[in-house]
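Okay, here we've got a single chain as structure tokens, the form predicted on its own, with questions on binding and movement later.
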Amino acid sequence: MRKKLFIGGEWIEGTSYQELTSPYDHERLGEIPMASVEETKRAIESAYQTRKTLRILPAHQRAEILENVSRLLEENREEAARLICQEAAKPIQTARTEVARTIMTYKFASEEARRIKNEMINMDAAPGGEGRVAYTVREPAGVVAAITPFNFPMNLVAHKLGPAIAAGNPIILKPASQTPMSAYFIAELFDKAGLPKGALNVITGKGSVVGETLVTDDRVSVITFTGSPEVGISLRNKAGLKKMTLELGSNSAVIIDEGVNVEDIADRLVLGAFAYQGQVCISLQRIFVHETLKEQVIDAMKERASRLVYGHPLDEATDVSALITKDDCNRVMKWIDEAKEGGASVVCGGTQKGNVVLPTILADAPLDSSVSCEEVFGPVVHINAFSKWEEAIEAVNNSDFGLQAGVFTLDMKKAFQASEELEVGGVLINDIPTFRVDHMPYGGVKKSGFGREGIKYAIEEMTELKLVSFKK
């Protein structure tokens, strides 16, 4: 299957192509166009010329287009799930969950398009403001460039396309090189849904070519990026005065207080650590448990992890499949070995079969080891004990990242203390940090980035606030 670039509402043959294979068994999936600088600029020009058309498109029409996309995706949900499964090696059950979330994300975008908030200002609240009527309006910021990762190739795309279209912005999408078919699939749905030609452009290619061109072109007003801190920082340094939202990952942690019923939470801990092979920005990577419960947590998680099935992503029974690349497998195994050399013990896993790293639980990993202080993005979690609540909070905060953190406690005082003192973008009380629903504000601090996703909040990032004042 040879795909084409989607520019100006037309499918355009690429000047060069790259083979796409399955991360699990290297089965050939198709050929993907590699956009040049010229083709990228053509996509930018297409979006730029469409910005006035989209700007005046009534909110109810933008809402209807997004609702149409949601409906079309619902009608083709199994095909969409199998696409994700094949190109991302995401187990089919997990892929179906992603499609269901994507449907909901576009529904939220449709709803938010109808209620973008404008506000009256009471001018006479200040001396000199008498005799004036004023209000603020949110206007489209302009062309949006979206650069998305491989791990949620439909839903994270929806978190960028949905708010951009809802706000009246044309958008250029550069999906991850490993997961482009999902993006082209969504482009087909938007085309069928009635989106004006040129309002959405999808181009694949090297980040050094496509990403660099998008970030440095003056016709682009907004950059929304999900990926590594290194790439995000590089983009930020080149973007100038463009508006930016950066979601850059984490090494998410959970704190488990004494008195918590371990059996009640063990399934959630295993889900948080090993869902989609740990290739989730808010995957549970660090567990800090009160010393009285440490062995219970280890035993409960080990027992459940041993039941996870690894294999082909299209197999209905599969829980864990391949990591996205062989290099990632090698890196994760290297980090596990490093932790072992530093004194960590392997509770389970720690081995590799093909491109599958088996779910790995480590005990007493050094907090300066890579599996603790870097983002593993693999099926690895470590369990360390604490004696005082303050020690646990300090351990979580002793990180360059700060996306989300979970806290399990029966003590409301400790819960509020954690909510106030944890240096993260989201604190989940009595849940894992891997929890996310698609309308909540989502984003981090420190090296986890800045700006917020979640449709309402992303719209704020993609619009400009204008004041209008009348002197009566």
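Nothing here was measured: the structure is a model prediction, and the numbers come from that model. Note that residue numbering begins at 1 and tracks the sequence as displayed.
FYI, the form predicted in complex with a small molecule isn't displayed, but the following is about it.
> Applying a 4.5 Å heavy atom distance criterion, does Val262 contact the small molecule in the predicted bound form?
No, no contact at 4.5 Å.
> Would Tyr48 count as a contact of the small molecule in the predicted bound form, using a 4.5 angstroms cut-off between non-hydrogen atoms?
Judged by the heavy-atom cut-off of 4.5 Å, Tyr48 is well away from the small molecule in the predicted bound form.
> Examine Arg132 and determine whether its closest non-hydrogen atom to the small molecule in the predicted bound form is within 4.5 angstroms.
Flag for Arg132 set to no.
> Even though the small molecule is not shown here, does Gly207 get within 4.5 Å of it in the predicted bound form, heavy atoms only?
Gly207: contacts the small molecule in the predicted bound form.
> Counting only non-hydrogen atoms, choose the one of 242-250, 188-196, 93-101, 72-80 that falls within 4.5 Å of the small molecule in the predicted bound form.
Within 4.5 Å of the partner lies stretch 242-250.
> Of the residues Ala176, Val396, Val270, Ala339, which one places a heavy atom within 4.5 Å of the small molecule in the predicted bound form?
The option sitting close enough to the partner is Ala176.
> Only one of Val289, Val380, Ile147, Cys85 gets a heavy atom within 4.5 Å of the small molecule in the predicted bound form. Which one?
Exactly one residue meets the criterion: Ile147.
> Looking in the predicted bound form, is the small molecule within 4.5 Å of a heavy atom from each of Ala166, Ser221 and Glu460?
Negative, none of the three is within 4.5 Å.
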